[in-house]
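Next up: just one chain, as structure tokens, the form predicted alone.
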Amino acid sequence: MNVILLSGGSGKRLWPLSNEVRSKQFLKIFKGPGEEYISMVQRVYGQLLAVDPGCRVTVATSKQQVSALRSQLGDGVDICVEPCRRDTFAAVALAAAYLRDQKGLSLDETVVVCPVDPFVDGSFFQCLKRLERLAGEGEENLYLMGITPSYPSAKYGYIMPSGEGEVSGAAGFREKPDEETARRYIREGALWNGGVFAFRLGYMLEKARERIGFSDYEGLLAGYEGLESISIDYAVAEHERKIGVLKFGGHWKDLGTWNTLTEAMGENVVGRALLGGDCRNLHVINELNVPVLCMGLKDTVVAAGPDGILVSDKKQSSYIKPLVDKIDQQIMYAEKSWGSYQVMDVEPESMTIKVTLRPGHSMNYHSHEHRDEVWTVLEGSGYAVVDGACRRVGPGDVVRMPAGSRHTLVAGTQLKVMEVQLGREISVKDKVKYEEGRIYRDGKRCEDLCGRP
């Protein structure tokens, strides 16, 4: 299969563990095959490859999420980067052009599009394979997966199938209704629209040319910011007459709120927590290195992370977004392709950050105009490069970088460093990257200069 996974959204409904960079699909709260914790995106990616080991996956996402994707899925997955958010039609059009012009897929190849974060079992991916076959062999231009509703939800749009068979046409679409209207839709045979569909590559490129008028991938990329923000349902599906619907009656859940997410968790506690005082239906997710003690809580979720602490009734947790919108705070934790960082302390003219680099990885070779930096190595070994001069570093070593100096760290083993930033203007925008930093990425250049650590 050729699969485009749509990875977007800021994940504000799962605050404080999700933010603009670390959306809900990157939260590691599910037990993997080896009992380690994995995220939604890792779970879906692994399920895809289990059903189809030869599956070619492309993740369509914003540039803010690229580092987290690389960190969790590795360098083997293709990523189509959106310059900015323009809803699902632009994202799918860009990914389709990427597959044609950058990956060399023919116009007759079939492509399946799926959100990156459904909570499903293997039967869902078997249904994806059938959806792909329908797109390749069937007579319709577009095939949608319609999900049999398990309750009258006001969160989803609905597909009205034209027949009762497993495969039928589409008689129409309905917007997200109120609960009573949803009940009526379900009585009429409506299916949830989960945003899963398949097509021949040439079909989607033609639809994109009709609406956007682009010539190729580079042209679409260059004009992306000027595109209208519109969903693929509005732009394509609701205007397409040759459309098929494949019904899926298996387990499917959208884990978009703390209430639904905790329903899918295999255990009540992730992280350090003690429960007492007759707690019932309580879930605790603690990413802090301090214990959380809960007593007498019922139907509650407690989430503690670098960005804040949430204590909420589970049903009320669905209404968190307007309150989170009022919180003005910088991102305190993020995963990067080379590792992760966590902000430990913020003062008017200083910031302290704990940086963890994965073995064999390095930061970008970069400089700052308005701040000095000091690294203190806590754990591991590797190299520090400052203005082209390379030195070996280990626990206890201190490296100073005045403003304007070019610098990077290269990890031999896992490398943990405390970084102190000093200056009156400390900003994530104060950063200049340099291409020559690529020579340090695998440590080879450093080994040549000062030997192996």
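From a predicted model like this one, the values you see are computed outputs, not experimental measurements. Residue numbers here begin at 1 and follow the sequence given.
A second form of this protein, the form predicted in complex with a further copy of the same chain, is not displayed here; the remarks below concern that form.
- Only one of 81, 292, 186, 77 lies close to a further copy of the same chain in the model of the complex, with a heavy atom inside 4.5 Å, and it is 292.
- Checking 233, 307, 140, 117 for any heavy atom within 4.5 Å of a further copy of the same chain in the model of the complex turns up a single hit: 307.
- Although the partner is absent from the chain shown here, none of 176, 266 and 336 has a heavy atom within 4.5 Å of a further copy of the same chain in the model of the complex.
- Note on the interface: of 205 to 213, 141 to 149, 325 to 333, 191 to 199, the segment with non-hydrogen atoms within 4.5 angstroms of a further copy of the same chain in the model of the complex is 325 to 333.
- a further copy of the same chain in the model of the complex comes within 4.5 Å of no heavy atom belonging to residue 126.
- The closest non-hydrogen atom of residue 400 lies within 4.5 Å of a further copy of the same chain in the model of the complex.
- At least one heavy atom of residue 422 is located within 4.5 Å of a further copy of the same chain in the model of the complex.
- Although the partner is absent here, residue 316 sits close enough that one of its heavy atoms falls within 4.5 Å of a further copy of the same chain in the model of the complex.
- Contacts between stretch 377 to 391 and a further copy of the same chain, counted in the model of the complex as any heavy atom lying within 4.5 Å, involve 377, 378, 379, listed in sequence order.
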